[in-house]
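Before any questions on binding or motion, here is one chain by itself as structure tokens, the form predicted on its own.
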């Protein structure tokens, strides 16, 4: 039972991180390989605000989210929108976006190394045990899970119930058809990319409450977010949440029963199985 609960607590935060990449890739059509660096930057911000002023990371997110939104909006407008305009096909856009954001990830790592150095960082916040079903779990993990669950639920409801959310979902299905019904695809794509970056940065702040990070760990979270997005189905919020919880449980199971060093290998094994047997994601349908 402790493995299951620990995995679900971890998977809840994974869901928030992957939700950010899903917004960027599923809607804005940008495969952002610098996603992990945005996460680590969010963790650095939470660490700095806590050590400098004892500000709770759960309060930090209210400052971090709008700043991350603005930074990602600027990245999209200055760096990525020209790629979107010149791309003659979705395939070309994906290749250009992968190459450009791959370079951006190195820029992000370099900036964080210059600002914070190459040491690992962590801090003790709400590191008190809470007993659930006879086992002890860190209060910081539980609080991060609750915050991630609230944000994921809010995003899901907004995407499925609001007019703006349904417009964004329409872009994910068919940008060309969305234009025909008067949807401003360029503006909403930039909004989705910026929102995805803000969600990822918030996820980094939540993870920093109980994980140790450094400037170079972003690539690991980028890979995990990519695995979750493909497993859950590109643009499918429900699938992203389920896939993230599943990945969290499997990683915890492997780390507890086999070897912590094999968690990433287990994630890739699951990823390969999904590609072989459910290439459209956990809830995807076959081609008509």
Partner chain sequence: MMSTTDIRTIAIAAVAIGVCALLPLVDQGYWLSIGVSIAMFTVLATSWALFSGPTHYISLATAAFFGIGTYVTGSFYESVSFWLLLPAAAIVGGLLAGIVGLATLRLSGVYFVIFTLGLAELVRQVITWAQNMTGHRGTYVLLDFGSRSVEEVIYWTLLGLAAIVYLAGWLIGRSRLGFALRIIGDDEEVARHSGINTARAKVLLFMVPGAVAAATGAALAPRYVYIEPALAFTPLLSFQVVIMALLGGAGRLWGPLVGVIPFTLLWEVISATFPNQTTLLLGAAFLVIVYVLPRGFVGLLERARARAGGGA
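Positions refer to the first chain, counted from 1. In this text, all values refer to a predicted model and were calculated from it rather than measured experimentally.
Omitted from view is the form predicted together with the partner chain, to which the following refers.
Proximity to the partner chain in the predicted complex, taken as heavy atoms within 4.5 Å, picks out 25 to 33 from the listed stretches 59 to 67, 42 to 50, 25 to 33, 238 to 246.
This chain is drawn without the partner chain; in the predicted complex, the residue among 146, 95, 166, 153 with a heavy atom within 4.5 Å of it is 95.
Taken together, the three residues 55, 73 and 192 all stay farther than 4.5 Å from the partner chain in the predicted complex, as judged by their closest heavy atom. Using a 4.5 angstroms limit between non-hydrogen atoms, residue 161 is distant from the partner chain in the predicted complex. The partner chain in the predicted complex comes within 4.5 Å of no heavy atom belonging to residue 87. Residue contact check for residue 99: one or more of its heavy atoms lie within 4.5 Å of the partner chain in the predicted complex. Proximity of residue 223 to the partner chain in the predicted complex falls within the 4.5 Å heavy atom cutoff. Contacts between stretch 255 to 271 and the partner chain, counted in the predicted complex as any heavy atom lying within 4.5 Å, involve 258, 259, 261, 262, 263, 264, 265, 268, 271, listed in sequence order.
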